[in-house]
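As a starting point, one isolated chain is supplied in structure tokens, in the form predicted alone.
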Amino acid sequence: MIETPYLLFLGDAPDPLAAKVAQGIRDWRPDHAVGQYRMEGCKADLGLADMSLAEAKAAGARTLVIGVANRGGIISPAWKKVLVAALEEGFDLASGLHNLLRDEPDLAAVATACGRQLHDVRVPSVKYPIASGVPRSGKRCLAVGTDCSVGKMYTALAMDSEMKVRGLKSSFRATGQTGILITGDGVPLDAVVADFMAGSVEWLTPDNDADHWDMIEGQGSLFHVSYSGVTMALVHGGQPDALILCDEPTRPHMRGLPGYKLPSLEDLRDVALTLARVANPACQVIGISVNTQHMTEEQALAHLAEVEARMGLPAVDPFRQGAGRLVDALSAV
């Protein structure tokens, strides 16, 4: 078990979105976030207290969580001095990067010498099956996006929270490092061998009560040439009954791909629904989640109204406005 509370390590994150792991923990498990540690040149700020290792230790932090999700999931050499010092200060380390803490000889040696734990959450711990495609009881909702990091996890978490407030049956199913660190369980989908990815999603969302909803954390984008495979595994392995389209309309291009524009919501709807109906012919698109964090309130409301009129579906920013209308739409499925 990863000991809480956390000191969130932002390192030298080049922009706020690069610190999305830490941001997710702060937003959904604020009681676990004691403070943040930023290196020189860091362009992210969670609004938490900036703390030294000693200050965070005195405040009760038990684990330094690497809250940065860089391209390729690499432990930067520039971070090593801080990570080693954290172990020596008495912190455990937790990371969801592809580059594992345990595979870094210097970190492993210091952790052993200091009696500290290295937690790599992006390591599959189950022997997952190959997908069977057999229908399962219960219902499933999947968020699919025009791009990476547009709010798919936030949408699923917000809908799950609203379902629970209403006394309805719902489970958030984490499929990535941030979701796993928030909930303590899930499948690190992009670290699963490709042939078993869809099967791992079937395993994660088993048979359930007829009125129970699994809110599946979305990953990647069918339109992102770097990460479309993980989305495809969710679409087929999840066999969703409902899709939520997610968008961040202020982006000039796909995340990390300057030569690629974001697809339209219409294109996302048509492609995602066609592929989802391969595994579940009854799948429906029921709503749209728009990340409006870079818009004023007036701009956000105007944009949402335009999208709703154009698409004929409820359009909301679930983190800004709540997920009530999206949950309402599930009742018709």
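Residue positions are given as counts along the sequence shown, with the first one as 1. Given the structure is predicted, the values throughout are model-derived calculations rather than measurements.
One more form of this protein exists, namely the form predicted together with another copy of the chain; it is left out here, but the text below deals with it.
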{"item": "Partner-facing stretch of 108 to 116, 80 to 88, 195 to 203, 150 to 158, counted where any non-hydrogen atom is within 4.5 angstroms of another copy of the chain in the predicted bound form", "value": "195 to 203"}
{"item": "One residue of Ser228, Asn208, Ser76, Thr183 in contact with another copy of the chain, assessed in the predicted bound form (non-hydrogen atom, 4.5 angstroms)", "value": "Ser228"}
{"item": "Partner-contacting position among Ala302, Met39, Val278, Ala59 - heavy atom within 4.5 Å of another copy of the chain in the predicted bound form", "value": "Val278"}
{"item": "Exercise: Leu243 in contact with another copy of the chain in the predicted bound form, heavy atom 4.5 Å", "value": "no"}
{"item": "Contact label in the predicted bound form: Leu189 to another copy of the chain, heavy atom within 4.5 Å", "value": "yes"}
{"item": "Any non-hydrogen atom of Gln239 within 4.5 angstroms of another copy of the chain in the predicted bound form", "value": "yes"}
{"item": "In the predicted bound form, Ala49 touching another copy of the chain (heavy atom, 4.5 Å)", "value": "no"}
{"item": "Heavy atom distance at most 4.5 Å to another copy of the chain in the predicted bound form, all of Phe223, Leu257 and Val271", "value": "yes"}
{"item": "Residues in 126 to 152 with any heavy atom within 4.5 Å of another copy of the chain in the predicted bound form", "value": "Ile130, Ala131, Ser132, Gly133"}
